[in-house]
Ligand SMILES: NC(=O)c1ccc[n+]([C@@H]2O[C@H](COP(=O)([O-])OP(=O)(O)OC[C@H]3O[C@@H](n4cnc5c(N)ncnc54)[C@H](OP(=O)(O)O)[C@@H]3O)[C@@H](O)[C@H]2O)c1
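So this first bit is one chain, no partners, the form predicted on its own, shown in structure tokens.
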Amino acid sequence: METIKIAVLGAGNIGSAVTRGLAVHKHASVTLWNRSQKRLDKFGNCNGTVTTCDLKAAVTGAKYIFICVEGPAVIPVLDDCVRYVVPEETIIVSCAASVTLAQLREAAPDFAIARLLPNIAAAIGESANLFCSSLMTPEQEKELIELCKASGPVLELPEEQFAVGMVLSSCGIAYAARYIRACMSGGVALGLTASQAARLAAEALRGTAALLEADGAHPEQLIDSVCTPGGVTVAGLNAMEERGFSPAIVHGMLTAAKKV
């Protein structure tokens, strides 16, 4: 397989994470572009990734252009890009949450286009990536999805479900981190150090995810398996539910979805 040149535009949190994820792919050559050198300096070095403030140099010859700038900047950056590339050789991939395929097609009507919504765990190959596309052949989709798997699993969703998916896959990082933060407070109150509590809570989340993926079981089945009658776990769960644990999560997700 020949080396695939990739340009990642934007060295913010998502752009940096996507770059680090893609850079581990053995057939990828990644160039990270940013308007300011300051963010590129902060990014540092990564598996031979090239950094530049020269947009033309970044995108020329690139098979895939990942646009990882803030929503309002996506179309202006795309307008600049299409001056240096041709539709037959380049595929546009937007990582912006708020820019639709229709808007991208209007700016680049002749290009194959995809939307990829990663999260910051892309930097360590553990992102939950949402994917949809327009004007891509099955072969192009297959190659791009395989490429993106370097940053984590890829879930194909209809674009109309992206808002809901993002609440779980992207916002979910913050929700899970808040749970761990709460566990730290509880652990300290019970006599552990904050770092001990954080480690135990994180490992419990990691183990839970692994069990659910391995068995394909419903979460309630897993809950039942660790809740002995009159035991410690069920007492804790009941107390959490009395304080609105599950309703608070659902309410937060519904509120977040309205903002997308």
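The shown structure was predicted, so the numbers you read here are calculated from the model rather than taken from an experiment. Numbering starts at 1 and follows the sequence shown.
Here the subject shifts to the form predicted in complex with the ligand, a form of this protein not shown in this document.
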query = Among 36, 233, 195, 47, which has at least one heavy atom within 4.5 Å of the ligand in the model of the complex?
reply = 36
key: the ligand: the contacting residue among 41, 70, 213, 224 in the model of the complex [heavy atom, 4.5 Å]   = 70
task = Tell me whether 87, 107 and 135, taken together, all sit within 4.5 Å of the ligand in the model of the complex, counting heavy atoms only.
result = no
note = Here the chain appears without its partner; judged in the model of the complex, the stretch of 139 to 147, 152 to 160, 73 to 81, 175 to 183 with heavy atoms within 4.5 Å of the ligand is 73 to 81
Distance check, residue 93 to the ligand in the model of the complex, heavy atom within 4.5 Å = no
inquiry  = I'd like to know if residue 167 sits close to the ligand in the model of the complex, meaning any non-hydrogen atom pair within 4.5 angstroms.
reply    = no
message = Just checking whether residue 101 would be counted as a contact of the ligand in the model of the complex - the rule being heavy atoms within 4.5 angstroms.
response = no
ask   = Hey, in the model of the complex, does residue 112 get a heavy atom within 4.5 angstroms of the ligand?
value = no
request  = Note that the ligand is not shown here; using its position in the model of the complex, name the residues of 5 to 23 with a heavy atom within 4.5 Å of it, in sequence order.
outcome  = 10, 11, 12, 13, 14, 15
